[in-house]
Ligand SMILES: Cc1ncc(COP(=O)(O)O)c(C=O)c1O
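A single chain comes next, written as structure tokens; it is the form predicted on its own.
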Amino acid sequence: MRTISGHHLARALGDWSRADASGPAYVRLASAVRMLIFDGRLPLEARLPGERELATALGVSRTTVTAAYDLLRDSGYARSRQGSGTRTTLPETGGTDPAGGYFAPFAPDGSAVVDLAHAAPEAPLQALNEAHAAATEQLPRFLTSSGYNVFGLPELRRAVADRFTARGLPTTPEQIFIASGAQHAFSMVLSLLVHPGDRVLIDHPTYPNAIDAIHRAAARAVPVALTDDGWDIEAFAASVRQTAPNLAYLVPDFNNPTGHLADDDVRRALAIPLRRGRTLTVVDETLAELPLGPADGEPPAPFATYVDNGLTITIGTMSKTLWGGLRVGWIRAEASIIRRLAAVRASFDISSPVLNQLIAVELLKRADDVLATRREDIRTRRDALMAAMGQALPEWRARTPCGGLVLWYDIGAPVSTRLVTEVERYGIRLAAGPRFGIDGAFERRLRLPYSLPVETLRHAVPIIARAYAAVADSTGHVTDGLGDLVA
């Protein structure tokens, strides 16, 4: 497990001593550490620095650190064992996902709900109809074959490769594998490259279905916390060095759920420890073509340009940019890996539907025009949701993402799971913060997508505010994990 240095923890804590300055220093310190755990910036089972080391790094007495650690242990946020130091944890009663950890588009009785648990827009109707008509005309020439093509249709592999090349990453069709969406792609990569007990390094927070896939592969997720500003290069390099992961899974393009975009300098810095450790890296580009602004300059180069091709596997999909109902995604990797993936596909689904692949080819021909309109619509939805949230829940905080489909709200107290349970009574389906982390982290967070129409978002916001009020006590406050009242 990862060991946190005194220097790193002090930097993550920031100006902790100014928070609630009327309380004892050890209580403020324990509360600040606890918030790092809730926000996922301190992974669970991480070894905290020794008392003397942390006291030196913070410039406080060792007595203050000792008392803070005691309070964390008493409240269930740390545990100590002789010879293994003090490690972060969560109280046994916290962090449970009542839905069992999996998204579903319907309420338990089968009725429809306003689905804000998924982040995927509706189809571009005119472009999809045109693409369907063109694909249907081409379909007869495929009907005399079996319809199976384990690699994907050559036409679609070529179209996807050309799009990578146009973005600055030269690619041949032999480097492309067509999958049934990015989730299917990642599951196949795990099946090929990961064995039970292997370590998979992930952003923290990250896409929840990727976490589920890692768990199903009986592998161990190694979380590296994202900060409010994005990737902590020092912590990332230390995790690669200390844990020697068998695989890394990164979402550098509008990370889901934080919306962070890794610029070229960050990508270069992240690539250095991956190259040194010869770490195979899966780069999820699901949202890469949804920049919304504000952002400076040209979009960053694809992550694979900074890491040796043999070490990088890039996955993508049409689900977030065009339409999820097609179930068309892809994998870009060295041709040797593509051939190995084909050998294991039979245990998944043998082949993607021919008609859907033909529609995908036609949509890619129209993609630039469709995406220009789509970005306009999504930008309008993002701004409308943020405006409505600012009026209904002004105490909640979220940064304005420069792309992607979601907002990552700090709701001010560890009640995300309770809120999600409550709001479903009103016909709204949300995804609680802990779905995006490991072992109950992010109870202070809530992901809100802006992929639905503006009127739907404006309808949902007051309901969310009403549900939030319902989980507050009679004084309008909610309690935090140490029993203090949080406004």
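Residue positions are given as counts along the sequence shown, with the first one as 1. Since the model is a prediction, treat every value here as computed from it, not as a measurement.
Same protein, other form: the form predicted in complex with the named molecule, not shown, and the subject of what follows.
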* **Contact residue in the predicted complex, from 224, 313, 182, 160 (heavy atom within 4.5 Å of the named molecule)** => 182
* Just give me the single entry in 77, 164, 408, 207 that has a non-hydrogen atom within 4.5 angstroms of the named molecule in the predicted complex. => 207
* Check whether residue 249 has any heavy atom within 4.5 Å of a heavy atom of the named molecule in the predicted complex, and answer yes or no. => yes
* To do: Consider residue 320 of the chain shown here, and say whether it contacts the named molecule in the predicted complex, taking contact as heavy atoms within 4.5 Å.
  => yes
* Examine residue 287 and determine whether its closest non-hydrogen atom to the named molecule in the predicted complex is within 4.5 angstroms. => yes
* To do: With heavy atoms only and a cut-off of 4.5 Å, decide whether residue 132 touches the named molecule in the predicted complex.
  => no
* Which of 164 to 172, 278 to 286, 122 to 130, 226 to 234 lines the interface with the named molecule in the predicted complex (heavy atom within 4.5 Å) -> 278 to 286
